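A single chain, nothing else alongside it, follows as C-alpha cells in the form predicted on its own.
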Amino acid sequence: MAKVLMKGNEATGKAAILAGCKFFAGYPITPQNEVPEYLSRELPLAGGTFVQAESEVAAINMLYGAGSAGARCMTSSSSPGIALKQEGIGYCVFGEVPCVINSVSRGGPALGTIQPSQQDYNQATRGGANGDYHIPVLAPASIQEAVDAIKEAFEIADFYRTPVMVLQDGLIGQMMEPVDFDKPVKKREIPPKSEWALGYGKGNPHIIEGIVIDAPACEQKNLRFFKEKYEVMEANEVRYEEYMMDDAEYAFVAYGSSSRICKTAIKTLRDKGIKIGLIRPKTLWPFPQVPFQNKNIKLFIDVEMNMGQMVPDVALACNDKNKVKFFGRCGGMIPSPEEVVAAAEKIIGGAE
C-alpha cells in the first residue's frame, strides 16, 4: 500500500481500528480532539463502539468494563485529562485488564496551555495511581512511529494483560506526514480470553479483582506482577535508537519531537567538529540501559520540553549524575535547533 498523508491524531485513530480496537471511550480535550472525532465516525463503520463519556474519569472506567469483558479498547486524552484517569488506570493494573491509553501532551501544570509539551514524562512513567506498579510507555517521534506504537500497544496490552500508554507530544498529534499503515509490527501469542475474561468462564466464572482484603494475598499478587510482568518487560520490551553514535564523544538524550530537533542540531555541531550523537528512548518505561554504558561519552545532554524530568533516569542508566547535563523549554515552548546548538556548545565548552 502506498503511503497516505495524514494528520497525527487521525492516523492514531485509524491505527487503533487496524489493530482491532472494538471499543473507545473518551472526552474532548486539545490537542488530541481529532482522535475521538475520527473514531466517532469510523469505529462504528468497522463494527466497534464509540462512546463520548461524560468525563475522563468515566472514560477510563468504561475501559475497565470493556477490557474486563475481553474487548480490545482504547481511550485518548491530554495532560490534565490523563491526570483524571490515574485511579482508573490503577484499577486496570490490579484487575489485569488490557487497554491502551493514548496521551497527547500539552503544557502544564493543571490546564496550563494547549501548546505541545513533554511535561508528562513523570506522569507517564511514575503514574498517579497508588501502589507498586508499572505500565509500558511507548514514545513515538513521528506519525509513522505513532501508528506502529498504537498497533503494538494493543499486542503488549493483551500479552501482559496490562494498560499500555502511548505518549505523544502535541506536535506529533497535530502535524501531517506520510504513513504506511501496512507496516508490520511484532505479534505476540495472546492468551485466550477463555482463560480470564468475564463472560467466558462457563461453569467457572472469572473474577476481575479491585480489592484483596487479605494482606498476604495482596502481597503475593504484587510479587507476581513484578516477577511475571515487569521483569519480563524489562528484558523484552526495551526500545531505543542510536543516531551517529559510532564515534561520538558526546550524546544528546531526547525522545519524541525533541529528538528530531536534536538531529538537526547534530548536523550543525558535527560541521563545527564536535562529535555528538543521539540516544533516543523509544520506550520510556522500561527505560533503556545498554546505550548509556558507552564509556566513550564524556557528557550526556538531556533535551526535553520540560524542566528535566528524564534526567534522573539518564543518571541512573549511566551511573554518574555528574555526566548528565540538561537543556529544555517548558510550558508549551518548543526549543529551536539553534537554541539546542548554543546550549550544547556552552555545556561542552564549560566542561573542557
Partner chain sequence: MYLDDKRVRIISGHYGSGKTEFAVNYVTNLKKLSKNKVAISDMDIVNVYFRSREKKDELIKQGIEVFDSSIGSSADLPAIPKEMLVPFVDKEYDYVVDLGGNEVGTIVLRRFREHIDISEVDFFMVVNVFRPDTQTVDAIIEQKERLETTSGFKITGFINNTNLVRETSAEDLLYGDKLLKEASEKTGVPIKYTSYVKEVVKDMTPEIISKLSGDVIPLKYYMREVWM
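Please read all numbers here as calculations on a predicted model, not as lab measurements. Numbering follows the first chain given and starts at 1.
What comes next is about the form predicted in complex with the partner chain, which is not displayed.
Among 71, 185, 114, 245, the residue placing a heavy atom within 4.5 Å of the partner chain in the predicted complex is 114. The single contact residue among 199, 216, 131, 178, judged by any heavy atom lying within 4.5 Å of the partner chain in the predicted complex, is 178. Highlighted residues 3, 6 and 264: every one comes within 4.5 Å of the partner chain in the predicted complex, counting any heavy atom. Proximity to the partner chain in the predicted complex, taken as heavy atoms within 4.5 Å, picks out 252 to 260 from the listed stretches 252 to 260, 123 to 131, 191 to 199, 232 to 240.
In the predicted complex, residue 41 approaches the partner chain with a heavy atom inside 4.5 Å. Residue contact check for residue 339: none of its heavy atoms lie within 4.5 Å of the partner chain in the predicted complex. In the predicted complex, at least one heavy atom of residue 171 sits within 4.5 Å of a heavy atom of the partner chain.
Interface membership of residue 334, defined by any non-hydrogen atom within 4.5 Å of the partner chain in the predicted complex, is confirmed. Contacts with the partner chain in the predicted complex, taken as any heavy atom within 4.5 Å, map within 14 to 34 to 30, 31, 34.
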